[in-house]
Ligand SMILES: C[S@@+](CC[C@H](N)C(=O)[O-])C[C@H]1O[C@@H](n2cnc3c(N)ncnc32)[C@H](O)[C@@H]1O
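One chain follows as structure tokens, the form predicted alone.
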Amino acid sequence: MFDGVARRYDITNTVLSAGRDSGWRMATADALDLRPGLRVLDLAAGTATSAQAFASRGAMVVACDFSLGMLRVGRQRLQRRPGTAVGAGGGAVTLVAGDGLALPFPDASFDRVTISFGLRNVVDVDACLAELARVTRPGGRLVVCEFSRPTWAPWRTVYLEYLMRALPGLARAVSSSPGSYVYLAESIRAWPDQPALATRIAGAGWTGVGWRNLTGGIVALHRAVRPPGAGARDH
């Protein structure tokens, strides 16, 4: 499915989010507290748009995705724009194919790990969260950027109407695979709310779990820390 939407994935996201996607991306970068030289795993990285934003702050970013089609589009964009594989702050982006349930990295490989709009798409959310914990160094940080539950009831009603009625029509106009966005709407509607996801993150071995709502709760940034001194396999 994601191979099928890869060609127009970025423009479709911008249209369907009314241009909010860039702000969500910057908020994720802020929540990661990036500094030059930090090693960052961007899981479900898609076409590496977020990974490039992280690298612009000096981080050394591994953009990992299960979809080879997404990674191909990301690689083509990097090749079309010389220098974009290296961020303005000295960071760089490396593209890697990998499964979020069996990441191809050693224990404690990264200072930061993040996944944006991809956790809904893994077959075992808890196993993915635990695998992210495995590859994070003790004291390292997790940030999950994901669609969530609007906190104001009238806004939630408007949003759900948009998801189920307007979004499929917009997808037909701009996406390379409109039918895939029916799945998108249904998966968002079925996704746990903010407290429920926080509970699952804590259950996977993370501490200090909290979240920040964006756009009235349409998106939530969940953050957590790998416990200092924790063993790589104790989850």
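Please read all numbers here as calculations on a predicted model, not as lab measurements. We number the residues from 1 along the sequence you see.
There is another form of the same protein, the form predicted together with this ligand; it is not shown, and what comes next is about it.
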Q. In the predicted complex, do F2, F66 and S116 all reach within 4.5 Å of this ligand through at least one heavy atom apiece?
A. yes
Q: Mind telling me which stretch in 58-66, 201-209, 32-40, 187-195 gets its heavy atoms within 4.5 Å of this ligand in the predicted complex?
A: 58-66
Q: Identify which of G140, G100, G74, G91 has a heavy atom within 4.5 Å of this ligand in the predicted complex; exactly one of them does.
A: G100
Q) So which of V122, L163, A127, A108 gets a non-hydrogen atom within 4.5 Å of this ligand in the predicted complex? A) V122
Q. Does at least one non-hydrogen atom of R20 fall within 4.5 angstroms of this ligand in the predicted complex?
A. no
